[in-house]
Ligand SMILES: Cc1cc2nc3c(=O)[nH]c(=O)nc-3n(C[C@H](O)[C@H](O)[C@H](O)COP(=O)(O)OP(=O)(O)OC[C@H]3O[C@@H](n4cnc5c(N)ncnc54)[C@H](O)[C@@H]3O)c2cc1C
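A single chain, nothing else alongside it, follows as structure tokens in the form predicted alone.
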Amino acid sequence: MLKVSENNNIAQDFDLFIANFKDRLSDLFNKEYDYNALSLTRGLPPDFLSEIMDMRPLSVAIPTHHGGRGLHVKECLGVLAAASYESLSLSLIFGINIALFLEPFAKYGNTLLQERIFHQFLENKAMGGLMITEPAYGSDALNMRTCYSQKEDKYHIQGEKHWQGLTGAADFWLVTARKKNEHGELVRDIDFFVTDNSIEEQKIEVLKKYNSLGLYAIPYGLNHIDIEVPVDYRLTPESTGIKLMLDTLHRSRLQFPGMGMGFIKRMLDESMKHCTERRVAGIPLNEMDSVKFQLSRLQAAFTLCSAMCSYSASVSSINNDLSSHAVDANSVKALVTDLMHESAQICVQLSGANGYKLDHIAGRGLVDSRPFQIFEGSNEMLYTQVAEAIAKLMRKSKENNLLAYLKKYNATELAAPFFSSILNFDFPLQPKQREMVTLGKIIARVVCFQFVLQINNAGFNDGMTEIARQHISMDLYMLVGQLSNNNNAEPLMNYGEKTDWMSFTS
């Protein structure tokens, strides 16, 4: 086993580790390689990726007794943020490895297997990922068809998975499957299995690679699974496999702000620099009121994401069971990814024509940030789940007024009073699904502003906190306005009838 003292890169103080990591990434992306050209090609060049992995960034997600830095969430988020400042794709590569393989494997994996696999990550630059999504069952994971049966001391796993980040590139996978009982039926619960692509009977076949719109550094595709793994390759849940999955996904969603942090800061820094240097009619852009609004919007996103990181660092350790953290985890993932894409939109707009180039940091960021609002639970679905969870709690407490309940709810009790005049309305008795999405957006913003208040109490910048408050207040006013609008519009399936404008023009 690799001992900490044997590797200076791992043993060094984290402040020094992350400073060196940032400096080296900056050199690689901005001096040694032409990343503008790299961003337009599929995959990262092996020598370029090897230089990055030489710094052992994934050591932050490996226990100390296996030679890593100890799985401290603050360090994991720090690495994600440092990477996303230079490349959102690189940060997602790390995020997949950390949250979707290393953390659940460290928590639920066989100890003897951990020793061998963690060594591969530290010494041989191995990578891992998670396979849940199936072609016919995207977000409907509980109905997945991938199945397994036991044959003596091995599990036989069969099925198809797709849209896994690092398809064909990961060395190890966590594969989800449902047990097939003696009647050939699939049981409700879900199990997780470790697979090693270097072992022939565990090798997962890639049927095709997808031509993804963005995130060019990350391969996605369709995978065929027909493998056998030893019994000790199955993860051991603390109760059920479904709770293991929720614990893993909630932890991952709570750590999305790590990827958002560096990215939003880069959008903010690029926008501030451009608007300071660019002059229109002799006036710097940053002196124009509409530009000030957009820059302050970016600073509000930066503040919210900073607060989310602080909260995640305090709760999302693998020592904690996050299976019941639906409200905070879903609020964080949905809102931070909305903020990421909006930040890229603002940066593109402020950058003018240059921002529309695919190899411009904002143009690339616009395309690369968009799928974050979709994968690991589409934001509409997550906002709906937030609203459903709060509605259930309100019914249980026999409270109809949203403000009254949020003032008592521990995740919003500090923040709700700041928006009393906006939130003072009764939760709809039978809300439409579109209204549940809107209600989820409202609740998520109050939840996340509470994180801002908590980090502000610890000494975070008062001015930035106030900027965030004003923008959250503006968002809440607009969202409540949507609720009161009672929009019941439904699409006409045969919309072509009497809709050709040329028929009504002489």
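When you see a residue number, it is the position in the sequence shown, counting from 1. Please read these numbers as outputs of a predicted model, since none were measured by experiment.
This protein has a second form, the form predicted together with the ligand, left out of what is shown; the following refers to that one.
Participant: Within 4.5 angstroms, counting heavy atoms, which one of the listed stretches 240 to 248, 133 to 141, 342 to 350, 262 to 270 is next to the ligand in the predicted bound form?
Facilitator: Every other range fails; the passing one is 133 to 141.
Participant: Does Met381 reach the ligand in the predicted bound form, with heavy atoms at most 4.5 Å apart?
Facilitator: Heavy-atom contact with the ligand at 4.5 Å: present for Met381.
Participant: Tell me, yes or no, whether Phe375 is in contact with the ligand in the predicted bound form, where a contact means a heavy atom of each within 4.5 Å.
Facilitator: Yes, Phe375 is a contact residue.
Participant: If we define contact as a non-hydrogen atom of the residue within 4.5 angstroms of the partner, is Leu215 a contact of the ligand in the predicted bound form?
Facilitator: Output for Leu215 is yes: heavy atoms within 4.5 Å of the ligand.
Participant: How about Asn330: is it within 4.5 Å of the ligand in the predicted bound form, going by heavy atoms?
Facilitator: So Asn330 does not count as contacting the ligand.
Participant: Just one of Phe94, Phe419, Tyr311, Trp163 has a heavy atom within 4.5 Å of the ligand in the predicted bound form. Which one?
Facilitator: In short, Trp163.
Participant: Can you pick the one in Phe302, Tyr220, Phe193, Phe172 that has a heavy atom within 4.5 Å of the ligand in the predicted bound form?
Facilitator: The residue from Phe302, Tyr220, Phe193, Phe172 that makes the contact is Tyr220.
Participant: Note that the ligand is not shown here; using its position in the predicted bound form, name the residues of 433 to 470 with a heavy atom within 4.5 Å of it, in sequence order.
Facilitator: Contacting residue: only Gln433.
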